[in-house]
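The form predicted alone is given below as one chain in structure tokens.
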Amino acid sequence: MSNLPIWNSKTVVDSYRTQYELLGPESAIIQLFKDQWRNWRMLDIGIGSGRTTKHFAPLVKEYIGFDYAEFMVKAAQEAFPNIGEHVTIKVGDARSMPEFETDYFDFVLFSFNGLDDISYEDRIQALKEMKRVGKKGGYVFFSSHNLEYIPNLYKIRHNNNLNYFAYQCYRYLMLLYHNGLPQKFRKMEYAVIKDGAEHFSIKNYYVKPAAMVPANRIGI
């Protein structure tokens, strides 16, 4: 499962250059720790063109943001050339981070379901690495697609726009073509599907919350 060529494509990188607003949960995180950021070292994984960098980097003592897509990183570096000496933006891979010491970061973030962009085995390795580089008593935050939401992807939504309805039908047929019927996911704990992201060119990992929560499954 490799989506890297898609994330490095000019079309996708250019589309991300316009996205610099935080999601609701990310804004909530900033408020939750508003009195602690200035003393923290933060690792921001999967930054794309720097959407989260804009908001988190000015808050912390040390900020390292990386992405495994080289051209996304270049876009982020171009967007924030003078953001501060405490900021590093670089190419990196969450599955292997030997450049970082164990117990180094106070806060590790992998936002925007970025963790779902890699295979099951690589996901486990990334989570273990995120735990390793994070301090004991520190925080690791990530988001993930909910497997129980999949039936909703197949719903055909209606309004008075004929083009919109036609697209909904097209999307439904494409979901069937790439993934089969939604019923087959009911007994699964996780699945990798093409859900329509980037015109059905990307595979995403979906997991049931109940399967993700038990930390002892991955040694965290």
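Since this is a predicted model, take the numbers as computed values, not measurements. So that there is no doubt, residue numbering starts at 1 and follows the sequence shown.
One more form of this protein should be noted, the form predicted together with a small molecule, which is absent from this view; the next part is about it.
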Per contact check vs the small molecule in the predicted complex (non-hydrogen atom within 4.5 angstroms), the hit among 63-71, 150-158, 186-194, 173-181 is 63-71
Distance check, R95 to the small molecule in the predicted complex, heavy atom within 4.5 Å: yes
*Within a 4.5 Å heavy atom cut-off, is F110 in contact with the small molecule in the predicted complex?*
yes
4.5 Å heavy atom contact, I118 and the small molecule in the predicted complex = yes
- prompt: Is there a non-hydrogen atom of G114 within 4.5 angstroms of a non-hydrogen atom of the small molecule in the predicted complex?
  reply: yes
Notebook entry, point to check: Is every one of R41, G134 and F141 in contact with the small molecule in the predicted complex, taking contact as a heavy atom within 4.5 Å?
Noted result: no
